[in-house]
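Below, in structure tokens: the form predicted alone, a single chain.
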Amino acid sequence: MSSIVDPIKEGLARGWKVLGGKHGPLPTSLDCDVVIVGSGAGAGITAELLAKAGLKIAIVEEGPLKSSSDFRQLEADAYAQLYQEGGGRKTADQAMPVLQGRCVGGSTTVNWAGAFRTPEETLNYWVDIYGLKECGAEAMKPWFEQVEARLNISEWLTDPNANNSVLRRGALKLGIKAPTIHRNVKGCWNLGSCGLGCPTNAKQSMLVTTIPTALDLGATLMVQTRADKLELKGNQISGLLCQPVHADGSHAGPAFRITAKHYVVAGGAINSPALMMRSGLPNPNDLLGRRTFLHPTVASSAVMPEPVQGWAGAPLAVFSDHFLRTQPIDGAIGYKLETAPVHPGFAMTNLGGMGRTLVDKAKTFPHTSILIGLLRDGFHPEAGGGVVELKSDGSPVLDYPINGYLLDGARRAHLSMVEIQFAAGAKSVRPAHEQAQDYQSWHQAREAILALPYEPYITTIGSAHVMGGCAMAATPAQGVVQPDGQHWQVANLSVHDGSVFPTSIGANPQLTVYAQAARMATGLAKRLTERDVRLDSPAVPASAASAA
């Protein structure tokens, strides 16, 4: 028997109100103070703060409730059970896979734990262009500090694994800074399976932090429950129609209705605008679902002389912002350099190639290092992002064209990564491009990459960061929601997730979502209850919550 405590099992045993799926039938109707759609980064922070204010909370999550007892470090289990569309979500033209969580905790349950504050140049851009004075660096500082304390976010002090050491060693040889990442972990075992669900509860995701706190304060969690449509009456939401679903997303019973004083949408930057589009909410400036950003991500693999075993150890420990900071934010697209875990399914699927190429890759797998370059979209007229659309069945899809501006960034990111990998001592390097080869020297690789055609489908690009689509702005002409998350046209509706970002941010977005949600939810709690709450404030007893 495992000696690892399972906080989810313990919570269920002491009476958490969890319904749906194997946890019991969903109600025919439910009334509460605030219903929150989603259970990820924005939803979790919001749930804890509103529950601490004594409000009766209901959380609606389409995915299942899993826990450390279920996380077995197996890709075959994790992608099917914990990710949107079984890990197979793609953009409309199928040119780019998009990884997003679909479980309690959302993407925080399956991300790689990199926790960056919003880059100051991004915040300055939001202040200057979108009038978001609340989002300036000094104004956001206390929100970052509060969230970092709550989620144990600090610098990673353990030695980086061999894969991250390749990035650091090569970058330093070229005179490029490669500092250590901050991570939201506590007592990390350095297993390397962050993307498959943390089996030791070390990652301080919403699954083991804010959602349990909200449940202890009396919140109701409904899992395997799809938020289908918000009902609009005048300028108010009058109800949320929900649909029970099986694990595969098919209908699992009759629809039911939740009524609340206030509605918070926090389902992520594809599902949140889709819910509002299905609901026919006001969209007078045609902004809903538009300017949805991805950080299009390219990769390069290298065969190193030493064993790398990149499946083991923290997948993210080192990064470089050199190619973001050395050029204008609204000029040629910049890119952040990081590493990716070398798990067989993930790496073989996302590095391109087929047949003999994949066989050769598998043979060198223990010596393989993977670097990734995340393109900072949203700051240039040719980086306007994508558009969320609805399929005939009402499910969402993101139309995100890959144009020449982005592909120029892909080529430059490949060049940067390949040069770093050779500087670190690589025997051969292959950028993730269907017409690339294994190159044995920096000179050979440089000439080849400059000659390669950079086009969609043959240039391998993916993403795990989705932002925008319900942008916040100081005026309704520029944004779907106000700076405090309140919908510009609907009085009792707020949006608290990464969809409120006016652009991408140029860094892994989880900490930005946490901080913005903390700012917005604290204000919402004050408006609804006159109470001041903080993430580090004492909890309101459950009896007070149920009496609210």
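Note that residue numbering follows the sequence shown and begins at 1. From a predicted model like this one, the values you see are computed outputs, not experimental measurements.
A second form of this protein, the form predicted together with a small molecule, is not displayed here; the remarks below concern that form.
Enquirer: Just one of 476-484, 49-57, 65-73, 505-513 has residues with a heavy atom within 4.5 Å of the small molecule in the predicted complex, so point it out.
Expert: Only one stretch passes the 4.5 Å heavy-atom test: 505-513.
Enquirer: Applying a 4.5 Å heavy atom distance criterion, does residue 369 contact the small molecule in the predicted complex?
Expert: No, residue 369 sits far enough from the small molecule in the predicted complex that none of its heavy atoms falls within 4.5 Å.
Enquirer: Contact with the small molecule in the predicted complex for residue 296, defined as at least one heavy atom pair within 4.5 Å: yes or no?
Expert: No, no contact at 4.5 Å.
Enquirer: Answer for residue 35 alone: is it within 4.5 Å of the small molecule in the predicted complex, judged on heavy atom distances?
Expert: No - in the predicted complex, heavy atoms of residue 35 and the small molecule never come within 4.5 Å of each other.
Enquirer: Report whether the minimum heavy atom distance between residue 153 and the small molecule in the predicted complex is within 4.5 Å.
Expert: Residue 153: no, not in contact with the small molecule in the predicted complex.
Enquirer: Consider the chain as shown here, without its partner, and state which of 268, 378, 431, 289 has a heavy atom within 4.5 Å of the small molecule in the predicted complex.
Expert: The option sitting close enough to the partner is 268.
Enquirer: Considering non-hydrogen atoms and a 4.5 Å limit, which listed residue (343, 102, 168, 262) is close to the small molecule in the predicted complex?
Expert: Selected option: 102.
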